[in-house]
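The chain below stands alone and is given as structure tokens, in the form predicted on its own.
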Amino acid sequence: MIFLDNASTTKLNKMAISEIEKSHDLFYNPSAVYGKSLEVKKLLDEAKNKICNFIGTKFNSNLIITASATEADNLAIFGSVKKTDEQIVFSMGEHPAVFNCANELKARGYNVVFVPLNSSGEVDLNILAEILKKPTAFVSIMHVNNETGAINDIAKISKMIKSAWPNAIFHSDGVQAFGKIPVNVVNLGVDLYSISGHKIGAPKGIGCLYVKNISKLKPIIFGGGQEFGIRSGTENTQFILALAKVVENLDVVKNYDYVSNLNNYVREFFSDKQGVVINSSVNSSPYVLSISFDGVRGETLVHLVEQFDVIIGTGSACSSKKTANNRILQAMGISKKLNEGSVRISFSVENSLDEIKTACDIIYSQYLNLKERLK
């Protein structure tokens, strides 16, 4: 099987598997006071320090472990916003884990404002500048788009926000950036940054929220007071250690260059093919590539190539079953026809160039077959 839906999830890394197996005996509750529990607590703190180092900071009560990036996003948003007349700002490009939070806030009566995207899939900074002329309490703009790979200039956006409203809280969903492009939360200037384990070979069921100032965040889950009183619940020791082991051994630059070669091959292969349109900008993350096939439905093409053991996606696994119309591509101004024919190819260092060549041949041949049948 050739798996090219790595933006939805990734194969469990061998080092993660080994770490989980090694830590089976570390079942002691880190919140208990006896020696074995204190040893586990120490290991968890060391793991958090490794994760923090990986994102450019030191561990100092500033990393909250969650059960997923979705939970991290929800904690960042609902743990930060207060009832106010000031704007709560989101981009139109957000993952459903953020976008649906924005809609929920809007339904609760908050002053929610959405920033449109430009044709490359990035946040329109000119319109954002206009929006920021009004009092703003909270902003959430993702780092790398999960549908197209579009990279937002988070450091620049942070400066725009803080120069206009120094007390505004800035959150970024970093799920598709973490472990794939260099991330330094200090240089980015974010107050909150969400990450996920299963997008980079760590297990599902583990996410994190970087928090610059923990005193500004309130809990949305209540219980025993774990994670500095912000996220109660007994810690998932095995998965935390597995995530730390994965990031400790990641070579972001080397992997980026490798995946870029795979992405470039696909771009070149389809560049002269009639009826095929590349939606992702050349400046996007190489890990995600959105392509539209004119005259067919993307979902149908996905099922056809699956018969040949090639797995591609129609977009976010959290929303792709709901509609044939991709909200992100629509926000970029992609026509309805091309939108309906869009698929997402997302890469991993587990993919080989030979796999990519085979997949391209199969995808294009099945596209031509499908078009012929639809005549």
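As the structure is a prediction and not an experimental result, all values here were calculated from the model. All residue numbers are counted from 1 along the displayed sequence.
This protein has a second form, the form predicted together with a small molecule, left out of what is shown; the following refers to that one.
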{"item": "Residue contact check: Lys245 to the small molecule in the predicted bound form, 4.5 Å heavy atom", "value": "no"}
{"item": "Partner proximity in the predicted bound form: Ser68 to the small molecule, non-hydrogen atom cutoff 4.5 Å", "value": "yes"}
{"item": "Distance check, Lys199 to the small molecule in the predicted bound form, heavy atom within 4.5 Å", "value": "yes"}
{"item": "Val211 within 4.5 Å of the small molecule in the predicted bound form, heavy atoms", "value": "no"}
{"item": "Partner-facing stretch of 230-238, 262-270, 275-283, 69-77, counted where any non-hydrogen atom is within 4.5 angstroms of the small molecule in the predicted bound form", "value": "69-77"}
{"item": "Residue (of Ala150, Val139, Val175, Leu192) lying close to the small molecule in the predicted bound form, criterion heavy atoms within 4.5 Å", "value": "Val175"}
{"item": "Proximity to the small molecule in the predicted bound form, single hit among Val185, Ile157, Leu289, Ala97 (heavy atom within 4.5 Å)", "value": "Ala97"}
